[in-house]
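A single chain comes next, written as structure tokens; it is the form predicted alone.
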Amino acid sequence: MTQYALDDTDVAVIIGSGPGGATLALQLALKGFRIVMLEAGPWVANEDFVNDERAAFDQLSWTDPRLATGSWALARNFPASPAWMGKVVGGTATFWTGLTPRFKNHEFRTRSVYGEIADASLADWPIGIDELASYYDRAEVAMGTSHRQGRPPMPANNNYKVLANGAERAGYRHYATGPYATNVEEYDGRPGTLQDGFCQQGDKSRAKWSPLVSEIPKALATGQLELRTNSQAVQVTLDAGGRADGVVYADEHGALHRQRAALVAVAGNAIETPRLLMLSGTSAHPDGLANSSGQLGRNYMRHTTGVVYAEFDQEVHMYRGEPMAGIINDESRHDPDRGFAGGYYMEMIAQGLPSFTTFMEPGGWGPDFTAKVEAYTRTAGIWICGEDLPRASNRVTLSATLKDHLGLAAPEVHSDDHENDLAMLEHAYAQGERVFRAAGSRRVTRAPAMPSGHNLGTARMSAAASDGVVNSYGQTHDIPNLFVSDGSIFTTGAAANPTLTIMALVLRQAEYITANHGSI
């Protein structure tokens, strides 16, 4: 692997190796940029993934201390672990579920379309579907997304057949096994899916797209990228002129190093990104870097979610096959006659027994609980994924009491459910139950939200510097050579799973950096 000196001043430092950071690294490497990527976790090869959910969680997940507060269910059920994200090369995409819907036009214009909603910080994005369309195309090609760009559809497994049967009988018309970012057949040097059901624990076969099997090895092959693992960024430093000039990071032994930089891009997820920028505060930036607007850490979103499980008389074996290759799109529209703004998807979910028993009824026990566990092989599931509204008071801050293993302030994630979120969730639960009853379910169970995998919005994009943290290219308003390259920059969350949109935004960002690097 190429190696750069700590005092090299012409490198771009990218913090985080998930979909945003890895996409940026590959695109810049192909243009000849010299890149140092800092990843807080280790490199875990596909063959070393553990097909056991509990062991895989410890192997791949970010388990550093966090604190959840507010009225959201996660503050009650998982107060120390409100978010589920990766701490490993490839980031959360090493175990993501893989659905890749695009945003819809109205979801870029929520303030204009939804109007003013009390206690919501709605704003229109400074870009729209037209600016992103070609980048969506490129992202789908890069992922090999099924149903898109000439790629075949994913075959249906039993869990999807139950979902589709119920959807048809319930009167829905827009449902399918994708778009889904796993190869149906060999593509881009990766094999077709084995339908082995273990992709959420890391896909040993390499059929599922992730930066670990795609962008990172391609970037390394250019000879322009140095990847430093077990290297957690703790501070972005500025020069006398107020430009980013380096990143301080801790290695696996806790020793600190400083890599000089000509450009810094932060892609640490919507919790760790604002935390790092806050930890990097200076006398000129007392509330954190790029925070002259006061918006850093605010407008935290994680999608309105919940699960509906349904028991049937016959075996379903939901855990066989791709875990989320099924989606009902009909409710993803904006229709205020339903009693709420925005929309939601109903997505097939398949879990191993450890996850099922943990999330179906957190802390549950007793005869009713064990009866549901005994029905596991006869159970199907729907995961609700809906647009939650941003609120300025829903935010990530630095905890005054909780520290991480380096002695740094841990993030405190505060979130209160908006009335709109609760109305949407109630509607979605009822429709999910309707789908399963139409398919012949004997019993349905409503389960609460699981730790958030879709963490968004804490460095929001805005046209005016007073309204957000970054511009439409993810460039911070305050520091021209400091970028954000993850879901933090979402102005609003939409209903769609975010990974495809993150990748599209970063492809656009990479073009901007390449075209303007001499003046950034």
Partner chain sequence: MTSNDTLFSAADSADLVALARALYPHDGLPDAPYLRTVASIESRASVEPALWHTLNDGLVELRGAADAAPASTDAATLQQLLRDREGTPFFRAIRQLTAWYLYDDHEVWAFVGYPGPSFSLGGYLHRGFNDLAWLPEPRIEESGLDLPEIGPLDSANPTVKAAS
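Keep in mind the model is a prediction, meaning the values are calculated, not measured. Numbering follows the first chain given and starts at 1.
Beyond what is shown, the protein has a form predicted together with its partner chain; the following relates to that form.
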In terms of non-hydrogen atoms within 4.5 angstroms, which of the given stretches 381-389, 428-436, 396-404, 293-301 touches its partner chain in the model of the complex? 428-436
Heavy atom within 4.5 Å of its partner chain in the model of the complex - residue from R442, R243, R258, H106: H106
Taking 4.5 Å between heavy atoms as the contact cutoff, choose which of Y376, Y187, Y136, W72 touches its partner chain in the model of the complex. Y376
Is it the case that M154, even though its partner is missing from this view, gets within 4.5 Å of its partner chain in the model of the complex, heavy atoms only? yes
May I ask you to check whether A219 falls inside a 4.5 Å heavy atom distance of its partner chain in the model of the complex? no
Would R173 count as touching its partner chain in the model of the complex under a 4.5 Å heavy atom rule? yes
Is the gap between P286 and its partner chain in the model of the complex 4.5 Å or less for some heavy atom pair? no
Members of 170-199 lying within 4.5 angstroms of its partner chain, judged by heavy atom, in the model of the complex: A170, G171, Y172, R173, H174, Y175, A176, T177, G178, P179, T193, L194, Q195, D196, F198
